[in-house]
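The chain below stands alone and is given in structure tokens; this is the form predicted on its own.
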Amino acid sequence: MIIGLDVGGTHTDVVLLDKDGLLREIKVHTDELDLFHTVLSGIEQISRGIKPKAIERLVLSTTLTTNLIVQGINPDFGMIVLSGPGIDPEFFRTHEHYYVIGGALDHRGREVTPVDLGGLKKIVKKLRRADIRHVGVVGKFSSRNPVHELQVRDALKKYFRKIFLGHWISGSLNYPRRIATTFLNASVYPIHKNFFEAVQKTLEKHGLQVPIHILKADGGTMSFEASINYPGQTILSGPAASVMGAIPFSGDQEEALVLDIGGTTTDMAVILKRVPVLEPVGIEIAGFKTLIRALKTRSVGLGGDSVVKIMNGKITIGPERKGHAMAFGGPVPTTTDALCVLNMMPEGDAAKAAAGMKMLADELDRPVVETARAVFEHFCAEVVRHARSLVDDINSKPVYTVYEYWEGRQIKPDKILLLGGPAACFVDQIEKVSGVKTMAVPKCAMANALGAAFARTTCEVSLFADTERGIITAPEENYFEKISSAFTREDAQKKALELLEQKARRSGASRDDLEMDILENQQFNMVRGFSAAGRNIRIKAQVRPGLVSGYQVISEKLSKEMAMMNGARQICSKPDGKQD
């Protein structure tokens, strides 16, 4: 059995699956001030009465790291960067405890200037006086040769509890993004580690010794143990869960727009022939441009609980949220209240919802039901406007999916897939506004948790070979070996795939899900004088993001349910109390 759990802004969704289908599904209220007990409550409820040994895997998608970064980073850690040639590293300063020391490599990883170990000792004294316990270390061109970062780590390790190294992050060259990504990893590490260790220990006390996997921003998972050095990769795992939950219900030849309408935000993404569109360079969050590989998603502050106001005689919705809708005890009118008034949502206190709509209706000098209808239509129009903006943004640049690069591709969605609790209520109006066939996925209220459960373990390896220098290295894997001048590109591919499989297995991947791709395969001849001096070979390989083996049985069952739903044209009531 697999447990999938997705922490949303309003609710936490939990599902229990086995090879035959969806066994259980529950929702628990998300307490943003106490995510630990929110997660535990969901796991305890979904697994009640189940033999612990029957549960093989637990996959979590949480807002923990995203919230930490968005709400402001606690600066009680240090950053040490090695300067090298080019732009002054002071331009990339991250926070107060940021220090630059001498030491430089060239673009092939050859030492130009040794590490200034004397200067490092002075920095250590300053960090210790500030009671710093965690440090990030980044050197320019460390993805070509990590020797300077390793020297600094060796000099620091007796003074600090945890040291994050820049070459762990990615084989890509981008010094500013490497600094920012290492900074974010170091910043969220203590809380990430304490949170999941607490979850793990508490589950073990209850006899549930199950491997914990965590959803990443690229739609893959990694084990909790593997996440310790890369906690930043769990940023934006919520939108990734939406995409993974929608994939089974998009067609092989379709371009689908995914809209996950939650209580706080609507998350948007695009699926191209069942493959998610990728943010190829790395996500940007809270002003930090990173090397964190992620699906191309957009979150806008439009949710069922977003505050509805009248400003200058016009309806505005979000991004502010002040708790639940008035129908559920909240303080201000929301879109959910409009759904209640329009009799599209059977749950909630209709009288309180109507009171909220009346507050708006009085300002507009319109009837309550007419106002609720206007709120509902405005919400759908705004969602479609933002979705079109996302598609325009994707089409303005080269299109990458998690598998390949689509040169010259212009995306024109031919289907919209809606997720989220009230998704079925929005189908007709969003289809009307967008002009695109629209449907709610089956179990739309639990689709994110299903997406987390379906996701397979993924990872990447970047490998560099320099036959002139006689070395091959994969800095992210701490791999370094001597090679002869006869070493070929084919040899490099074979070694990259070997390292990738080892890494994937360490990260918790099942052998059945090891679908591996070569993403980059380049070779440059190096010429000195008029003769070839050697070859520079670069290989990047990945375990392809996708769904775990065996998901088809479950998705086919849910697809049949979707077909039945479409036959009945959704389960949501029509406006004004008329039932479908």
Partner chain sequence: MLKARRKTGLIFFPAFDWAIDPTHPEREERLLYTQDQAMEEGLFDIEGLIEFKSQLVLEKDVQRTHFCVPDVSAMMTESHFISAGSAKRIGIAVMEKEIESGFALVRPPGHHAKRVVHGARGFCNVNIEAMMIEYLRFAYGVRKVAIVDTDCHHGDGTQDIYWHDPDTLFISLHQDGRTLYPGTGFPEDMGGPNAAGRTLNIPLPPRTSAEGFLHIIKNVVRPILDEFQPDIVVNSAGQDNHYTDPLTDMNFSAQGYAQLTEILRPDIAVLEGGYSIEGALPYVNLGIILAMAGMDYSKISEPGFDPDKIRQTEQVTRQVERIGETVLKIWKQRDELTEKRRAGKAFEERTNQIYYDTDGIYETQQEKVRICSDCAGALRIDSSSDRGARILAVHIPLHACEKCREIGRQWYDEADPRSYLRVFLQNRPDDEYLTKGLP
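Positions refer to the first chain, counted from 1. Model, not experiment: these values are computed from the prediction.
This protein has a second form, the form predicted in complex with its partner chain, left out of what is shown; the following refers to that one.
Within 4.5 Å of some heavy atom of its partner chain in the predicted bound form lies at least one heavy atom of Arg144. Contact check for Asp106: a heavy atom falls within 4.5 Å of its partner chain in the predicted bound form.
Residue contact check for Gln493: none of its heavy atoms lie within 4.5 Å of its partner chain in the predicted bound form. In the predicted bound form, its partner chain lies farther than 4.5 Å from every heavy atom of Lys27. Heavy atoms within 4.5 Å of its partner chain in the predicted bound form are found in one stretch of 365-373, 109-117, 216-224, 497-505, which is 109-117. Of the residues Gly207, Gly251, Gly313, Gly86, just one reaches its partner chain in the predicted bound form with a heavy atom at 4.5 Å or closer; this is Gly86. A heavy atom within 4.5 Å of its partner chain in the predicted bound form is found for exactly one of Ala54, Val70, Val527, Val553: Val527. Contacts between 158-176 and its partner chain, taken as any heavy atom within 4.5 Å in the predicted bound form, involve Leu173, Asn174, Tyr175, Pro176.
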